[in-house]
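In structure tokens, the next block holds one chain alone, the form predicted alone.
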């Protein structure tokens, strides 16, 4: 694939962001450029799903210290690029009736551009530049257009993720420096870098893993996430949970596994323990929440732990299941956050006890929320089941005892998700209920949720096309026995 085609993928939304920022009717260029980017990604995804697609890396001449403009696109990065583009369109449509300034619409397009750059970059320095660029629009989305505690949440988000980025940068510099000392060649090419052994390799691995762990986030580095989700606007929560959290697991798959193949395998039991803690702790915290957004935020901690367990197994089933679950979580949790936003627009509350008996007043909202809830708990026939089941198979092949952690996590997911759905939509309305203010979804909102729930059914019933997209890269990470 030519350099121009890959460059166009991340430049297109950046240009759209400039048009939105400088124009008067900012929502229209935001919709046009986000839709064009999603269509472009879908065109690329079609040949990949049939196995007829191939990409070769494209690059510029070397800059200082071997830094290059190096892009490539395989099945994993392409699928995450399309998820980013799809959810950006969803955020624009979901915000359509709001009176936001041009900077709001531009921020989402700049965020999309930076995220696409993260997934396309194959030069480690370029990867870090895009990684850091993601923080800026997300910081403003939370801090300027969030709820009452938005400034505190935005600052906490920035400080935590910037702290992780420092370790990622230090680890990257140390990795490149050690590679130069061993080979005499300066390069930041991810495919060419090989991590050192011994304590130096362990230190570099730990530093970079810490940077990725903050973004996932792994317990105890997770405390920024509930506040960021609670205070962010609904569309901001969609991008935060739907895409930004995937960057951490993507870093493990894209960098740590290929660069440290032996060390990552040796550390697998300890990393698996951390992922298992995420699954249980996140679920238990979600059970204790009375705010819908905080409940979904803590459920994301649990679900990302499940994704990491799958990819840590380094088995074909686990790698495919964990990576597929990254996409599933983005679609399902994105839909849930959108619906909580729709509910808040009507009732101006998010508490579980603030609503009741909504199934009669808002049957379509009840239906879509029910589908997304069933997907979140892993009901067979929906997308969540496929990823979780394959991840558990992978874990069972290398660490059978941890299967029980996954089973407990799935059980706890039902224990917090189903009562929440029952309380809001099927349970009796209390005296302080605001259910009377709630109206059903309009055509714009219903169309958006039909697309998201349609994807849940499509992947749950026939996941083969997406698995074919993911297989070529992921199966190359399976260690030789």
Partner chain sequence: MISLASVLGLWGPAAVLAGGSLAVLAIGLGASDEHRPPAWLMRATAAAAVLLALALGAVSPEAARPPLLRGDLLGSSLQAVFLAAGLPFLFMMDPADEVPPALALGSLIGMAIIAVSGSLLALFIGLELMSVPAYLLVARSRSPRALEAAVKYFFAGGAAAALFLMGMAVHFSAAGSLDLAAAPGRVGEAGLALMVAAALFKLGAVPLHFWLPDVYEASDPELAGFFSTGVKAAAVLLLARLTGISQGPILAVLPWAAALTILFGAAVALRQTRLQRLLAYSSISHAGFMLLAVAAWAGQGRPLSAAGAVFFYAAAYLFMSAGAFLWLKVTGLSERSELKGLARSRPADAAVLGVLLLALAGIPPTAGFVAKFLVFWEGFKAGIYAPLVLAGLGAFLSLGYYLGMVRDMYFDEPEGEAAAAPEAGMTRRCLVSAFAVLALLLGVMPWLVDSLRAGGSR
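Keep in mind it's a predicted model, so treat the numbers as computed, not measured. Numbering follows the first chain given and starts at 1.
The same protein also exists as the form predicted in complex with the partner chain; that form is not shown, yet it is the one meant from here on.
Engineer: Do heavy atoms from each of 24, 344 and 352 fall within 4.5 Å of the partner chain in the model of the complex?
Structural biologist: No, the candidate spot makes no contact with the partner chain.
Engineer: Please determine, with the chain shown alone, which of 85-93, 329-337, 186-194, 260-268 has non-hydrogen atoms within 4.5 Å of the partner chain in the model of the complex.
Structural biologist: Among the candidates, contact is made by 186-194.
Engineer: Residue 65: heavy atom within 4.5 Å of the partner chain in the model of the complex?
Structural biologist: Answer yes; at least one heavy atom of residue 65 falls within 4.5 Å of the partner chain in the model of the complex.
Engineer: Taking the partner chain as it sits in the model of the complex, is residue 139 in contact with it (heavy atom to heavy atom, 4.5 Å or less)?
Structural biologist: Residue 139: contacts the partner chain in the model of the complex.
Engineer: Although the partner isn't part of this model, could you tell me whether residue 144 comes within 4.5 Å of the partner chain in the model of the complex, counting any heavy atom of the residue?
Structural biologist: Taking the distances in the model of the complex, the answer for residue 144 is yes, it comes within 4.5 Å of the partner chain.
Engineer: If you check in the model of the complex, is residue 314 within 4.5 Å of the partner chain, heavy atoms only?
Structural biologist: Because no heavy atom of residue 314 falls inside 4.5 Å of the partner chain in the model of the complex, the answer is no.
Engineer: Please pick, from 155, 206, 182, 273, the one residue with any non-hydrogen atom lying within 4.5 angstroms of the partner chain in the model of the complex.
Structural biologist: The option sitting close enough to the partner is 155.
Engineer: Which residue among 169, 247, 202, 253 has a heavy atom within 4.5 angstroms of the partner chain in the model of the complex?
Structural biologist: Partner contact (heavy atom, 4.5 Å) among the options: 169.
Engineer: Which of the residues spanning 119-151 lie within 4.5 Å of the partner chain in the model of the complex, based on heavy atoms?
Structural biologist: Stretch hits, in order: 125, 128, 129, 132, 136, 139, 140, 143, 144, 150, 151.
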